[in-house]
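For reference, the chain that follows is the form predicted alone, supplied as C-alpha cells.
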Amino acid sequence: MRNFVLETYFSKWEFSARHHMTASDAQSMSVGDLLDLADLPADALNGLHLGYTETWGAPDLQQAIAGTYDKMKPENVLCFAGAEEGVYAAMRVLLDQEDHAIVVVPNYQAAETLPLDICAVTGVPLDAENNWALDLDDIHAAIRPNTKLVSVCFPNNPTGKIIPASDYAELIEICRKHGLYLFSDEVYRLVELDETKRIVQAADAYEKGLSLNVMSKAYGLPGLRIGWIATQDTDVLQQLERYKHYLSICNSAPSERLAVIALSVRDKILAKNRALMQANVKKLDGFFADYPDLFDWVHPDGSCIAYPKYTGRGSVEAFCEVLVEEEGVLLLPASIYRSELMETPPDRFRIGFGRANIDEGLTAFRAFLDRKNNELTP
C-alpha cells in the first residue's frame, strides 16, 4: 500500500505542535461531560460486560444510527472501527482488478489510494477557480463500460464544498442510469454552515448508494472509533460484514455504549458544535481579511475545515514548515492532498475551525505573520 501521507504528517506533528490549527473534527468532550449531557449518573457504565460484541454492531446502536436516516432500518447499517475501516472494506468488496472507479478530487486520501491499489481509477476535479464546483459532464465523460463505482465526499474534505442539491440529484440519476454504486463520504453532514445547502444521504436516495459516516467529525467523538456504512443493498452489506471478520471483527463494547448515549442526545451535540463552528469561521473571516496580500480565503459551505490559497512568497510547503517549527502552528500543506490522478492546486493549505481553542492558535499565527511580514509579502 502507498504511504498514508496525512497520517504520516500527523504522526510527527499532531501531538507535538502547540496549536493544532488543522484538526478535522469538532470539539470533543469527556465521558463525564457526555453522561451529564444525557442526564446519566457517573457510574452508568459500571455494569458493562467487556466481552466480544456483535460484528454488525449492537442492535440498539444499529437502531440509533438508522434513526439518523429517513429510510434506513437497523438491518441497513453495519458498524466499523471508525470510518477508515469502512472505506477499506467497501473498496475491497465492491471493486476487483477488472473494474473502473471514478473519484472526486481533492478528497480524503484513502478514497483514491484504496481503489488505485485494486483497479483503474479516473479522477474528476472540483474546480478551484470556480468555488470548487463539480462539472457533471466530467462524470459523464469518465464513465467506461467497466465502471463500477463513483466516490464522492460532501461536505468535501478538505474544501468544505457542498454541491447544489439539484446537482447531487443529477449525479444519482447518472449512477442509476449506468448501474453504478455511489460511495458517499458524509462524515461532515449536519454541520453545514448554511443548513439550506444540506443534501440528501445517498443511502436514503439511491438503491445502490452507500453512506459512510462516523462519530468522529460532526459529533466530535473520534476516540470512540465508531463508524458505519448504511445502504439499501443488504447483499453488499452482508459481504462487508464478512470482510470485517478479517479486520476488527467487532467494535469496542464501551465505545458502542457511549455512541448510543451520544446519539440519544445528538441534537444537543450537533447544535453546540454548529454554533462553535459558525463563531470560529467568522474569526477566520476576520483573520484572513487582515492579510489580503498573503491569502485568498473562501468561506466554506460546511464541515469544520477549509482550504484557502497561500499567495505570499515561496511555496506553501515551506510556509507551513516554518510556521509549525517556529510558532508551533500546525496546518496541512497542499502536498498532503496531492493526487496521482491529476494535477491539484499546489498553493493551498487546510485549516480547521471546529475546536474551542482557536483564539490561541490565531494569536500565534498572527504573531508569525507580523514578524515575517517583509519576507512573506510579495
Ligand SMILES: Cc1ncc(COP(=O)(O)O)c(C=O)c1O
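Quick note: we count residues from 1 along the sequence shown, nothing fancier. Everything numeric here is computed off the predicted structure, so don't read it as measured data.
The form predicted in complex with the ligand exists for this protein as well; it is not shown, and the discussion that follows is about that form.
J.: Is Ala90 one of the residues lying within 4.5 Å of the ligand in the predicted complex, judged by heavy atom distances?
T.: So Ala90 does not count as contacting the ligand.
J.: Would Tyr243 sit within 4.5 Å of the ligand in the predicted complex, counting heavy atoms only?
T.: No, Tyr243 is distant from the partner.
J.: Is there any non-hydrogen atom of Asn76 lying within 4.5 Å of the ligand in the predicted complex?
T.: The answer is no: Asn76 has no heavy atom within 4.5 Å of the ligand.
J.: Quick one: is Asp99 in contact with the ligand in the predicted complex, heavy atoms, 4.5 Å cut-off?
T.: Close contact is absent here: in the predicted complex, Asp99 is far from the ligand, nothing within 4.5 Å, heavy atoms only.
J.: I need the one stretch from 124 to 132, 167 to 175, 208 to 216, 293 to 301 whose residues put non-hydrogen atoms within 4.5 angstroms of the ligand in the predicted complex.
T.: Residues of 208 to 216 come within 4.5 Å of the partner.
J.: Heavy atom within 4.5 Å of the ligand in the predicted complex: which of Val187, Val104, Ile163, Ala262?
T.: Only one listed residue qualifies here, and that residue is Val187.
J.: Select from the listed residues Lys148, Lys197, Arg266, Arg225 the one whose heavy atoms reach within 4.5 Å of the ligand in the predicted complex.
T.: Contact check passes for Arg225.
J.: At 4.5 Å, heavy atom to heavy atom, what parts of 308 to 336 sit next to the ligand in the predicted complex? List them in sequence order, or say none.
T.: Going through 308 to 336 in order - heavy atoms within 4.5 Å of the ligand in the predicted complex - there are no hits.
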